[in-house]
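Here's a solo chain for you in structure tokens, the form predicted alone.
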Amino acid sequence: MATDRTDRTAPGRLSASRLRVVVPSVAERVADELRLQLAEGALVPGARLTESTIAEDLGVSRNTVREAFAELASERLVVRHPNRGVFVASLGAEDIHDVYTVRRAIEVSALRAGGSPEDVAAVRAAVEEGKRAAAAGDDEAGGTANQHFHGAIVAMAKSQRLNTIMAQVLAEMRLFFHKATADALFYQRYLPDNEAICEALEAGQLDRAADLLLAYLDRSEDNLTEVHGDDGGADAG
């Protein structure tokens, strides 16, 4: 009778299948780069994305870019129009509540748990980055600093899965904000909030920091919904 040799690796040795390390594919790395460009405000809603240009810029094949587009389309960050091409998505008011539900779940819980001195320093660095942008009158840079602030909060959880989710959330948020930032001082009004949250975090007042952030997100969602409802408001962060 044949002997079942399944999973009989000798003690102290790992089978080849167990030694495999999950390495992001080239298409995933391209998707990561495009997601970052969305979060940093380099790609705006409605912009056409050209396979050949992106392939040349990133040194990859057009097929790889096509795969990256498919991943971003599944996240609703881009849309493909037959016979026209691929375009950066224009998100609407109906998407806002869902995104903010995710933000409350991961940002507030990460802040309530706190982080290492290095993690807290990264949050502080984002606050100072925002101040420098405000002093220079550069609201786009202020927007990027604001993204870095919220990303640094989630990074305190030390979870790659949460970081991946937050990368998508930040890309979606920047798409929302493009409409709101007609006001040239849009992001500057949120610097005091970021400062207060950071100070509470630095003081070890984690519940207070989390409560401040929760109130901030509630207000931000309401105001951003107004912006996308064409009320003319412009106070979201």
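Throughout, we count residues from 1 along the sequence that is shown. It should be emphasised that the depicted structure is a prediction, and the values quoted were computed from it without experimental measurement.
Heads up, the form predicted in complex with another copy of the chain isn't pictured, but that's what we're talking about next.
Contact check for residue 66: a non-hydrogen atom falls within 4.5 Å of another copy of the chain in the model of the complex.
Using a 4.5 Å cutoff between non-hydrogen atoms, residue 155 does not count as a contact of another copy of the chain in the model of the complex. Another copy of the chain is not drawn, but in the model of the complex it has no heavy atom within 4.5 Å of residue 128. In the model of the complex, residue 98 approaches another copy of the chain with a heavy atom inside 4.5 Å. Listed stretches are 129-137, 158-166, 143-151, 114-122; the contact stretch with another copy of the chain in the model of the complex is 158-166, by a heavy atom cutoff of 4.5 Å. In the model of the complex, no residue of the candidate spot (178, 196 and 205) has a heavy atom lying within 4.5 Å of another copy of the chain.
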